[in-house]
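There is one chain below, alone, in structure tokens, taken in the form predicted alone.
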Amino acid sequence: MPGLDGKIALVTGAGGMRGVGRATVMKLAGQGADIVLSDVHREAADLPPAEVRNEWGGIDTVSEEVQALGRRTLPIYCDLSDPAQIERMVEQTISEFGRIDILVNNARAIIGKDKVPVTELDKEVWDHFLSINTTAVFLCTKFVARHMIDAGNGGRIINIASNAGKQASANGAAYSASKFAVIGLTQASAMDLAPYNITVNAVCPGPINTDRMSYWERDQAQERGITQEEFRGQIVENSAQGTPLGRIAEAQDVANMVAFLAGEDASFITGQAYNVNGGQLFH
């Protein structure tokens, strides 16, 4: 039986064709939740090749998929680097549905421009990663939690962090710093919101088999004279070989953990950061 009947979920970064956001939206909707899904308008140069080729419709297409399950939905385009747009997104959600029971902070900055040594990292790139990956999570949490507190029904806040939020690597200063910060924010928010029966947890995926856009992968593919998708396939294969369970995560693996944390079975869990990485990292 669906376990989220009547719940209202807000999911950011939900427009990707093979992304964690879409998988999460469909998982929550399949369990009975009505969905508000957001993403930012992107130019074709900022989209994965498969989405351009298939003329993918982003959150509008995902919204149609949710409606096909018989659930209500509201797609909202929102630039998470703009605090005013974040606050407006939350207010639109409350205006349409009256409350928010579940918040999934899934959106992240497009990776690639950050993959340089710290001595070569532009401050503008650093600022962008902190703005989207950390500050937007803080602001979504702040604005949504206020409504959850006023409603008095508790709630669930689930942040998508990363293996890189627990163990950094070379050429990853901006991304790792932003995701380490998400885990700290998760713990502090969990303590602040516990008196209101609002749980706050994080999910920390390792590599995920999505068609996510990466400027670095695009440039590396061009240097090798192969397509971006071919280069991405090589990365997936190499990562799978280094994973104890023999494959990297699918978007659905992450969505399954999100759905668990959103449900009643996780009502006594808060402040935690769960790895979904096939055994790559035990921390």
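Being a predicted model, the structure only gives us computed values, none of them experimental. Numbers for residues come from their place in the sequence shown, where the first is 1.
The form predicted together with a small molecule is left out here; the points below concern that form.
Undergrad: Using a 4.5 Å heavy atom cut-off, which stretch among 218-226, 65-73, 27-35, 40-48 contacts the small molecule in the predicted complex?
TA: Single hit among the candidates: 40-48.
Undergrad: Can all three of 103, 255 and 278 be found with a heavy atom no more than 4.5 Å from the small molecule in the predicted complex?
TA: No, the candidate spot makes no contact with the small molecule.
Undergrad: Check each of 157, 90, 78, 148 and return the one that places a heavy atom within 4.5 angstroms of the small molecule in the predicted complex.
TA: If I apply the 4.5 Å criterion carefully, the residue I get is 78.
Undergrad: Could you check which residue among 181, 173, 132, 139 gets a heavy atom within 4.5 Å of the small molecule in the predicted complex?
TA: Of 181, 173, 132, 139, the residue with a heavy atom within 4.5 Å of the small molecule in the predicted complex is 132.
Undergrad: Does any heavy atom of residue 212 come within 4.5 Å of a heavy atom of the small molecule in the predicted complex?
TA: Residue 212: yes, in contact with the small molecule in the predicted complex.
Undergrad: Check whether residue 121 has any heavy atom within 4.5 Å of a heavy atom of the small molecule in the predicted complex, and answer yes or no.
TA: No, residue 121 sits far enough from the small molecule in the predicted complex that none of its heavy atoms falls within 4.5 Å.
Undergrad: Can you tell me if residue 161 lies within 4.5 angstroms of the small molecule in the predicted complex, counting non-hydrogen atoms only?
TA: Yes, residue 161 is a contact residue.
Undergrad: Is the gap between residue 112 and the small molecule in the predicted complex 4.5 Å or less for some heavy atom pair?
TA: So residue 112 does not count as contacting the small molecule.
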